[in-house]
Structures are given as C-alpha cells and as structure tokens.
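Only one chain comes next, encoded as structure tokens, the form predicted alone.
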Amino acid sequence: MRMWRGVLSRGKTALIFLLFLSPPVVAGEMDAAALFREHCAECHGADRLGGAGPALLPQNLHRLRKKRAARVIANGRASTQMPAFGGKLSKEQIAALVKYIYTPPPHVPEWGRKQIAASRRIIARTDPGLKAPLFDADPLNLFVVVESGDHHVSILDGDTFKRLARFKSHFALHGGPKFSPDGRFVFFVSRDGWVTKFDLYTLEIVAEVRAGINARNIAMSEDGETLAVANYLPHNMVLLSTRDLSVKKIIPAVSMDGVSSRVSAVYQARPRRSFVAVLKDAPEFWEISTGANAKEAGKRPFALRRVRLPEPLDDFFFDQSYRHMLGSARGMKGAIVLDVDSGETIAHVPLSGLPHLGSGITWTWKGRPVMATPNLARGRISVIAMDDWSIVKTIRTDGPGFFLRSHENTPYAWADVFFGPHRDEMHIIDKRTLEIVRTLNPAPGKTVAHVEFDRYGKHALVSVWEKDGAVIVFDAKTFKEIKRIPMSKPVGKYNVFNKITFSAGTSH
C-alpha cells in the first residue's frame, strides 16, 4: 500500500506511465507484476529503472544469468541491502519474478534532460584554491581501486601502498574511471548510469547524477571541462559539465540511415581535441569536437562528424596519435584499420578468435611502433606493426586473456590468463624479444588479472579477482612479491599519473 500511495501522490501521469511500462500479458505474468510491486518496487522503482537498488531491466541484467538472479532473490546479496525472500516467496513466485525482470518494457523508458537534472546532487563544495591534498602522499601516484565484490572504491598511496580511503560506490561500476587533467578529480560511472565525482585532494564525494539507465563508459575532454557518457539505454550520448555534472548537451544515437542505436563506447582523442565513439547497432563512427577545438575550427561546440563503417564494431583501439582506429566485431574475420582523418578503411588485419582490442598497449620494437592485443577466445597475444599493420608475432599463452599492461619504464608486459584452468597465472613478456620470460602463480586456484604500474614503472599491482581477493604489489624488475592488500574482488586499479599522461602501457 505504501508504494501505491507514493505513486498516486505523484499524480495521474505517474500511474499511467507505470501501467504503460507493465506489459499486457497473461494472468500468471500479471501476478509477477503484482509481486514486483509488493516486494521489489520500493528499492528498484515501480518502473524497474532503479532506486536504492539497481535497475532491473534486461539491458542491465545481461551479465547476470537467470539462475543466479533466482538465487539472489531467494538468498539475498551479501554486502548490499538486498534481503532474502526465500522464506516469503515460493519457488514458482521467484521464477515468475525472474521472468518478469528479464522481460523488456514495451517501449524505451524516457530518461532525458528533465530526469537527469532531477537526479543531480551536490554533496560537498570544493575549494578551487586548494593546491595540494589534505594528506601526506604524492597525488599523482595514487591508485584508485574498484572493488566490485562489495561495491566500494579504495584509494591507495602508490609509494607506501597504504589505504588512504575507502567509500561505497554505486552498484556495478562500468568502464574505467576518468581523471581531470590535473589529477585532482576522478569520475566514475555505474552500469545504471550514475556518474560520481570524487575529490582526490579531500577524499570525499563531491556530486553525482544519473545520466542514463544503462551506461557503457565515460570520457573526459582534453580541457577537463566536459564529461561524455556513452549510453546503451536510452540510445544517446550525454555531455556533462565536470564542474557540477549539469547537462551540456544530449546527442541522440541515431545513424545516418535513421537507425536508433546503443553507443559502444566513447573515448577522449586528446591529440585531436575531440571525443570519438562508435555505434553498437549501426555501422558508424563519430567524432565530436570539444570546446577549444570547435572554436579554432570555427565550428559550433560539440559539432558531430559521422563516418560510415563496413559494419558495426564491438571493440576498437586507437594508436597514440588517434590517426588510426583498429576495430573488430563478433563474427568478423579479423579487424579493420580506419584512417580517422579520411574516414577510409585502409587495411585488414587477419586476427582470429576474439581479440580484446580495448586492452591493447603500444611500444617501439626494433624501431617500429607496435601494438599488442590479448584474445578472449584463444590462448594468444597478437603483436601488430602499426607502420604497415602486419602481424609480427603471435605469442602463445596458456589460455585466453583479458588484460595486457606495461609501462614506458619497464621492458616487460604483463598478461593474465583470465579464462580456463590456468586463470591463476600471470605471464610476463619481454617486449624486446616478444617471448614469455616468466609465469607467476601468486594465488593458486584463483583468478589473477588486471595489472597496473605505479607512475615510475617500479611496481606492478596485480588483482586477485575474487570476493576474498587482494591487490598484490610486485617489484616490476625482480618480479618478487612486496605486499598483499586484502580487497573484495578488485576488478580494476588506476594510477593517476599513468591515466592523465595517457601512458602507452595502459588502456585509455
């Protein structure tokens, strides 16, 4: 009853919207809708768009299998406010709820400028005159660690490896955080579209806003004034002011052919002073001029340039100049190389399996610029020369990998074996010989992944990718373990200096 009074108090429009979202289905499924209203709407929203709990729409649940969802409903979720309903609901009722939340609404829910503005919260005021952090540590050698096991973020001192702060994040942070050009502020986005601004000088949350219902990732403009949010739902890109997270512009993701599409991802093309993005459901590449670039070119702010592609891309990589983009898709035989200036496809790279281009790194090998990419389907790392886009070496590994990392000050690249029986291994590759020179096994039987170096390349931090996991600090020269810091599934670690300088050894 409390929920219905809340809906009715917001007027007839809210009630019509609720009824509109509920699909006109058979009696059993209508019962599931009633169960949802009674037990779930208070936290997840009557429209399933989320509230205190995450959104419960198929687009937001694609990584959660239905059997797992049933267990969560029955048993609850540790370290969250999700209670257990196994004592209240029968197996049949739980199954009906699972079917209901995996059923798409009949129409795309609205989430535009009005809804975004209503969600915005200013939590703390920042002092623009503050020139140094309020603690004794190098602000450019901090690590931001995303712990997905209990949805927290930790801040580590990159010299002492002491934890300086730990705070609760929104559910399921998605994509890497992005830093302001001076390294003071870091921005996060959750799968539910919540964008959070955090002050690394004062160690406090500054502001947050919900920029979408299902977000893919974010990117920072080169001048630090604009944050771009790539959304799966609704189909758009939202441009926010980094000062207060207010909306600057919303760009509907509609292709030249009129196809409404998800946005695969957006990145900052710093040398071009623009954002670059690819559509998920249409063969199209976008370049969006940021403020300084637009003024110099005599264009309006955030002018959109479109380039037609041979087919939609799932994954892509840019060279350091952002002149060339290497792109691939599931089912594509290999990858294409796009000249970003001309919009022409200039090469085809015969990569088999499923290369993870977004995790590619670059360095100079025998005087040639090369990039290397792990493979999500096969035990191999492909090393590609970027002067003629030929494959110069295929490095065989003990299984498919997810992440590949290095640093300008080390001759080694570190590659995980994320999938399969050897998921507890970490390969170390000599970038000079392109050979595996050491395989570490720091947590037998557990997944180890995602390496990040400190700003000097002296230490490599490795995640034990488990709920009772850890961040392990290694000497990057001797490969000896120095310290082990308990963490709850530390899925990503991000060094401030490496990110704001766009290190060739990490993804951007």
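Since the model is a prediction, treat every value here as computed from it, not as a measurement. For every residue, the number given is its place in the sequence shown, counted from 1.
From this point on, the text means the form predicted in complex with a small molecule, which you will not see here.
For the chain shown alone, Ser503 is not a contact residue for the small molecule in the model of the complex, no non-hydrogen atom being within 4.5 angstroms. In the model of the complex, the small molecule sits beyond 4.5 Å of every heavy atom of Ile288. Val238 falls outside the set of residues with a heavy atom inside 4.5 Å of the small molecule in the model of the complex. Heavy atoms of Tyr494 reach within 4.5 Å of the small molecule in the model of the complex, making it an interface residue. Heavy atoms within 4.5 Å of the small molecule in the model of the complex are found in exactly one of 420-428, 384-392, 214-222, 407-415, that being 214-222. Taking a 4.5 Å heavy atom cutoff to the small molecule in the model of the complex, the contact residue among Phe185, Phe402, Trp194, Tyr100 is Phe402.
Only one of Phe317, Phe143, Phe198, Tyr267 lies close to the small molecule in the model of the complex, with a heavy atom inside 4.5 Å, and it is Tyr267. Within 4.5 Å of the small molecule in the model of the complex, a heavy atom is found for not a single one of Arg48, Gly53 and Arg210.
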